[in-house]
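One chain comes next, on its own, written out as structure tokens in the form predicted on its own.
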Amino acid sequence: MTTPYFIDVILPIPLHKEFTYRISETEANFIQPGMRVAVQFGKTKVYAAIVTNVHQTPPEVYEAKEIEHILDEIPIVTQKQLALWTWMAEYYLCSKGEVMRAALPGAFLLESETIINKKELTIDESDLKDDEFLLYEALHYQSVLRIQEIIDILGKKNVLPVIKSLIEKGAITVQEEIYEQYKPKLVRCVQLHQQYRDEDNLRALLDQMNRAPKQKAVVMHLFTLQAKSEDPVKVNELVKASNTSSAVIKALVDKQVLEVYQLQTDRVQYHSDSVEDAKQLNPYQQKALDEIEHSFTDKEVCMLHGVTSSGKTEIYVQLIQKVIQQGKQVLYLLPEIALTTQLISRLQQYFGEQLTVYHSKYSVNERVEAWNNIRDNKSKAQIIIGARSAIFLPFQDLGLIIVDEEHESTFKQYDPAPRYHARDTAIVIAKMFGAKVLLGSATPALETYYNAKQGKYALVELTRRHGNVLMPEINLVDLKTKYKRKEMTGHFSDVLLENIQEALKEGEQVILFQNRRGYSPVVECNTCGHSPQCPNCDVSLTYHNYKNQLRCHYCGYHMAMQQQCMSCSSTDLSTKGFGTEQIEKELVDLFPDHVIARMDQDTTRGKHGYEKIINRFEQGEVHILVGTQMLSKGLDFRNVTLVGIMNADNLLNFPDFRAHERSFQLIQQVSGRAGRTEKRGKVLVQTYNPFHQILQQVSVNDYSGMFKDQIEERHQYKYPPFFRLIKITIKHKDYNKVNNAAGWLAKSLRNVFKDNVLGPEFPPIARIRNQYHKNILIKIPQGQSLSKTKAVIKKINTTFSSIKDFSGVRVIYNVDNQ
């Protein structure tokens, strides 16, 4: 009797264990870890699962099912990726299935789709209810229907009762079908038929074709295109070059003069005519580069603290060149997709087609192609630029990871799990490959700077701007005094308006920063004080002028702007506060002769939304750009001399221990967009509290002063980097259930961790999408073992899950909460 073979697989579901399935001996010889297999889980669902292990030990508790079929010929996930998934699941307290969902492009996550078939039996249609008859009738015209199509036919979401009833009546059958989402892009190419490849036949053909001049012209153009380039000639290229129609080419194919063939091609391609050499570094950059390279001999991680516009990118380029010459791959992480558009064009000048880009604005198919190119270590995938999700790619031989603007909170994933931090995960990946990590920022995160000061990371400082350009002059404008003296026009102080006028007169550009999108965050009735609230969340609705709508930024709920108060029917409504939209509208009234653009989540929805706005601004078509924190990232605009921060107070007065650090970083980064060429830039910060310590430190670029103050506060109040944090959020739509569950959990944790457990507390916005939230914070001192702490939390969580009263309550763990 042959010994049975088994595989362990990860399923893309939030369960903490791997599952075992049975396979045949031939399958066992073919299957390797990292391949996908289709497996049935539960009664009907079919999933694409990733194989982690092939063995001969049967599962103890259950009878192993057989797999449905093998989906890959070669592994799509590498061994190092599987090791990373295991580390992430343990460190960030989630399941491997959740990591798998985050890591793989959507096209790899095949799930079955329920297919409805009509039975051959004829049944009495008079027995059917209206909905059942509609569905049965539709199956006369279409042999199979998918669930989504049934929802459209019946015009309602819950169609399962109708399907169930038809199954019971024997009218239909149901099956699960797994389908592949990724389709390679095929391009039609054309070449001369085999028989005319030798010279005699070709001459005879051309003589014959004298009577068909159009067809002859097509063949001659084909020769010209082939002579120009070695690339295959596409059908549409030939049609364009010979100025003919596809009918002429079809006639030539029918005559067997030409033959058409399909060629698989990547959807994203870069075409650059020439590759430039890297720029010559100035002495300060060269010194920084030498220090970084020297630090890599004994340290794995180096922190490059360079002021804004000091030319950090040029240093990165030199490092990338050296790593690529060794035949290794480089990962370049950025905090925001907006940045990739500017950086790609800069790096392309140096590295041409060795560049691959990977981020969420790419389509499913484009991401699969990038994934495959990186896995196969193709020449076009030597440098990978991407946002945080790029850490999941199947690298083959990684030599360097650059984390640019490493302080940015967008490197932290909040929802769904795994709630990882890309910077910290990058350091773990680098260790697996024996690669080096360079963290770059003008305003490093306190934790990173502390690690560098303690000697855990190397520290390299770059204190001069490129070309010895002066740091921008930062002035604080006191709004309280300006309002008293009536020196305000809308939300603009007289100082800011004068400076904008001056900059525009000189033909320079202006950036204005306001960290709220929409027109106004609150609409209020002046008679009774009522303001429209979101029915699903504990927030007031934001007014959006361009759609004349009230919108909730948490759940997407929207309604038309009210003409009268919903409470007392008064028509005296006013707006309180202001967002980017209102600033834009005021600017249009104040500067009617200039072009004003807005850059926030509302204007950059499309795939190329960022690109369009940034390109227009770079080319000088837009004179004033208004935006949210997207603007603060390392964008490089040569002609901006003035930056205005409309209101610094809503950054500072935020209930979070990182609020002051974040405000400093944000204002400093936005300021860094000003005066990046000869003329010194100017920054105006409007505030009601100009004597605030953080604003004083920003105005003199005093990072070390801010670091010293904040680190003392963190030490005093037991926050990172001295204590680690795990934030636990309890969620449910029933207020009392959340209260009781949070109380029980906090008590159990307090029994073990004593005073290091804070809460449970309701956050400032306690209800989002009809779910109440309550938070517990666990602080872990430096001496305490992180793995043992997590083991205790898991144990308590297991007990919590088994309590009947708390069924349906979701518990979310956020390790290293940002």
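Model, not experiment: these values are computed from the prediction. Heads up: residue numbers just count along the shown sequence, starting at 1.
Just so it is clear, the following notes concern the form predicted in complex with a small molecule, a form of the same protein that is not shown.
Subject >> Distance check, residue 76 to the small molecule in the predicted complex, heavy atom within 4.5 Å >> reply: Residue-level check for residue 76: no, no contact with the small molecule.
Original post:
Should residue 702 be classed as touching the small molecule in the predicted complex when contacts are defined as heavy atoms within 4.5 Å?
Top reply: Judged by the heavy-atom cut-off of 4.5 Å, residue 702 is well away from the small molecule in the predicted complex.
**OP:** Using a 4.5 Å heavy atom cut-off, state whether residue 211 contacts the small molecule in the predicted complex.
**Re:** So residue 211 does not count as contacting the small molecule.
Original post:
in the predicted complex, does residue 636 have a heavy atom within 4.5 Å of the small molecule?
Top reply: Because a heavy atom of residue 636 falls inside 4.5 Å of the small molecule in the predicted complex, the answer is yes.
**OP:** Quick one: from 394, 311, 720, 577, grab the residue that has a heavy atom within 4.5 Å of the small molecule in the predicted complex.
**Re:** Flagged contact: 311.
Subject >> Contact residue in the predicted complex, from 322, 747, 164, 279 (heavy atom within 4.5 Å of the small molecule) >> reply: The residue in contact is 279.
Original post:
in the predicted complex, do 729, 758 and 795 all put a heavy atom within 4.5 Å of the small molecule?
Top reply: Contact check failed for every one of 729, 758 and 795.
Original post:
In terms of non-hydrogen atoms within 4.5 angstroms, which of the given stretches 707-715, 84-92, 311-319, 613-621 touches the small molecule in the predicted complex?
Top reply: That would be stretch 311-319.
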